[in-house]
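Same chain, two versions here, written out as structure tokens and called structure 1 and structure 2.
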Structure 1
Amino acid sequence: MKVLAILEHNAGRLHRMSWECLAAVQQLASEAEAALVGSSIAELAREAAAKQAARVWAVEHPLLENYTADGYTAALEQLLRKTTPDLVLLPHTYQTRDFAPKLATRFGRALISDAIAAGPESGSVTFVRQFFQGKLSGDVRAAGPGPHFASLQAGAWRTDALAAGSATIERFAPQLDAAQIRQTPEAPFREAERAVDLTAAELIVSVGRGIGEKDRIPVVEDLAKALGAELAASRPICDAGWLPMERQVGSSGQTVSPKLYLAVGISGAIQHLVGMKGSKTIVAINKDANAPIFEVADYGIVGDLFEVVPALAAEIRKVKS
């Protein structure tokens, strides 16, 4: 099977997940290829070519200097028509979310997004992905002739298996015209400086939608106080304005790795997990024994947080005094 990895790069660096994607390609392909898109990417192509693959395509054009969905789709469509891979893999990043479904549609295919493993069957294109925000898994199979498309979840493929090598670098100059590119992007920016740096916190108590209403947040806040921990939250809590955005942990918030991360009423969707699964010890309190958060937790209590959290705060105060 000929498999192509589309590698993402930002600010002159290959995205960490690009390496995971290349590792997946090495595992699945009999003929592995990688592609990079940009305007002056020779250096990055050399870096990628130091890994085992048949070739690395440097898809270069001045109009590809900044990412646009239209530009990337047009350029990659031309590359794929030329190279005809059976399968195209991409890291499941925000950029991939933006253009890969469009690219797949050009080939009459649906993208298998956010895959966590290659499927059990060999000889066909099957991937495992999560449904219902991680509460169920499913085997998803692509039918018909390639190219098929799949994007890979952060951390699902390990880079320690990535084999070194020396791939041939080939330049590919797509035909692009400025009128084709309808999006005009501006420079990325960050909102005002964060007043709270959760990345420095050693202990974090994080509250999720299980808290139910804003007025009950003090229940969890008191546990944080008992521990001497920072208070953090999942996205819906910040979306609702119950806690400020700067306390959000996850793919669109902060990435933390404290000694202790105590998740209260948080289900454990992947976008939350990527922000905290590097924590040394993870504790989950959730009334649903099947909540995905328990898959990454070291310790857990299954129960109603309004009973468990006050009891836990009391026990902590007891051992601390």
Structure 2
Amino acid sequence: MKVLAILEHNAGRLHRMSWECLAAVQQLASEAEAALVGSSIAELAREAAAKQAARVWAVEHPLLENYTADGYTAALEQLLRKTTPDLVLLPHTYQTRDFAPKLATRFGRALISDAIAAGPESGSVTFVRQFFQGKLSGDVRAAGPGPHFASLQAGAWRTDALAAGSATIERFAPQLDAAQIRQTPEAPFREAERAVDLTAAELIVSVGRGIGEKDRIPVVEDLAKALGAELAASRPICDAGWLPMERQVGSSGQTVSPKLYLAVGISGAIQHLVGMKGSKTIVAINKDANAPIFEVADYGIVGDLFEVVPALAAEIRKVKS
């Protein structure tokens, strides 16, 4: 199966979700390709070509210097008609949500959006999507000839699975005219500035409602300090105002993929798991042996967090000293 990853870039850097998208392509494709769209993107193409793929397409034109849905759609439509991939994967970003449905419609296809998993099945690919804010999951498979289109949720694929390589770089110059582009480029959308960017943290200690009271949060905060980790929380903690909303992990918070995610007193509701299941190592501490968090944890401690957490923090300090 020939699969093409559309790699997004901003301010001269490849978006971190582009690497996750390329990791998914390497997993699913017998022939992996990638494409970047813009102007003067040779250096970004060389960066992408250092990963395992058959080729990297540099789709360049002066009218693509700034993103517009019309420009990207027209350029990528021409590339796809030339390269004829079976499947096109994109990171589920604001930019993808803007232009990808339009691109898919050019081929009479729908966009399978925000997939959390995918796997080959009967010569095709089955995607897993969530519904009703993560309460249900369903399998979705595109029917008919390609190209088919899917966007991938942040954190669903690990970038540490990316294989290095030496891909061929091919330049593609689409035929574009200024009259085709109806939008006036504006500054890219930016979320409100956060005091804490949990997506960049390598170590996270997260607290859930098992803590019981706001005054007890320093017990978990002390463990985070001992580890040198960021403190995070599940939604009930942030909704109650015990920690700021910017520290929330989950479907309505931040999606993280640290090297270590330590969940303290978190039962493991699906809305929370969506935001942290891409973590490399997950450790759970919970007094309920049947808590769903243990289903995704690499290591689990069944016990009273008020006994386990202080003892763990003390041992960590002892090892570090």
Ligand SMILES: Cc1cc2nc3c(=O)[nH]c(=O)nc-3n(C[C@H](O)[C@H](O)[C@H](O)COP(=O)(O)OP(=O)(O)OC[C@H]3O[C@@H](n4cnc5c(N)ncnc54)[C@H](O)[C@@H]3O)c2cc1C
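For numbering, take structure 1's sequence and count from 1. Note that the rigid core is defined as the largest set of C-alphas that superpose within 1.5 Å between two forms. Just so we're clear, the structure is a prediction, and the values are computed from it rather than from any experiment.
For this pair of chain forms, which number matches the form predicted alone? Note: form predicted alone is structure 2; the other is not.
Superposing on the rigid core, is the Cα displacement of residue 110 between structures 1 and 2 2 Å or more? Superposed on the core, residue 110 moves its C-alpha less than 2 Å between structures 1 and 2.
Would you say residue 254 moves its Cα by 2 Å or more between structures 1 and 2, aligning on the core? Yes, residue 254 moves 2 Å or more.
Does residue 271 shift between structures 1 and 2 by 2 angstroms or more at the C-alpha, the core having been superposed? Yes.
Residue 227: how large is its C-alpha shift between structures 1 and 2, with the rigid core as the superposition reference, in Å? Rounded to one decimal, the shift is 19.9 Å.
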